[in-house]
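In the block that follows, a single chain appears as structure tokens, in the form predicted alone.
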């Protein structure tokens, strides 16, 4: 179940009580915990902010904390933070005792519209982002836009990249709202795009692959930057590249509208990364099939498809553009 609304986080205690767990462990972003003390009386495992903590080492350490606190199969894990905390805590919950229940309380815009929904959990591997993980949906998601009031501007901007992505996939009106309205007003609309797709394809056997729009190149750029780029910034670079490829490969005519939306959000057009590092990361992309990269490309706003026949020449140009080494 997903609950939306300012102040909905206050329902966390009653929600937990209703689930009747044998024990509760709160996995919380260390900064968010200080700014917004969790409304729950439970032991806390603090996670430092930053993508570098979404690692195999952090996952192992979190499992150790589960053991130390004596969690059993009726226990409950609460993830209280952004995408890193949700992915990490969710994956630990998925892999501990072959799966224990967890609740997501996403506190960043990116997590509220994307990362907390759909049950994709995991950690990064030195070879590529999100290379290790599992499908393990949370039993509850509490989306409270009130958290956004203390979110740094760069984090807000990063989250808007996923809003633009969802707009291209299934809610074109979002492209007119980003960078104009306060984000809290369209969090639910953006999240519903993903939720509706996930409901039809929970294990990414078909339609859910569309949610990877902008992520094929975006993940490679993010990894090549050593995660100096925030996830949404890398997705913005990847989304621009996907629109450029789509313009030439499948006749997409609304590239300018997408780029204008990204520009209003202050999102980058290129990244200061090495082409070779990006190409190497693309080689490890988990979305490969039969040795070929699968690209999610729009044919029109609201009409997005998966392609595995994108010419290498277009990919090379897209990588050069993303690295700022060719005119766009």
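Numbering follows the first chain given and starts at 1. Here the structure is a predicted model, which means the values were calculated and not measured.
Quick note: we don't show the form predicted together with adenosine-5'-diphosphate, though the next part is all about it.
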Can you check whether residue 196 is within 4.5 Å of adenosine-5'-diphosphate in the predicted bound form, heavy atom basis?
no
Does adenosine-5'-diphosphate get within 4.5 angstroms of any non-hydrogen atom of residue 36 in the predicted bound form?
yes
How about residue 152: is it within 4.5 Å of adenosine-5'-diphosphate in the predicted bound form, going by heavy atoms?
yes
Answer yes if any heavy atom of residue 58 is within 4.5 Å of a heavy atom of adenosine-5'-diphosphate in the predicted bound form; otherwise answer no.
no
Pick from 69-77, 107-115, 210-218, 241-249: which stretch has a heavy atom within 4.5 Å of adenosine-5'-diphosphate in the predicted bound form?
107-115
Are all three of 160, 186 and 262 close to adenosine-5'-diphosphate in the predicted bound form, meaning a heavy atom of each within 4.5 Å?
no
From 45, 297, 293, 32: within 4.5 Å of adenosine-5'-diphosphate in the predicted bound form by heavy atoms is 32
May I ask you to choose, among 141, 92, 224, 84, the residue with a heavy atom within 4.5 Å of adenosine-5'-diphosphate in the predicted bound form?
84
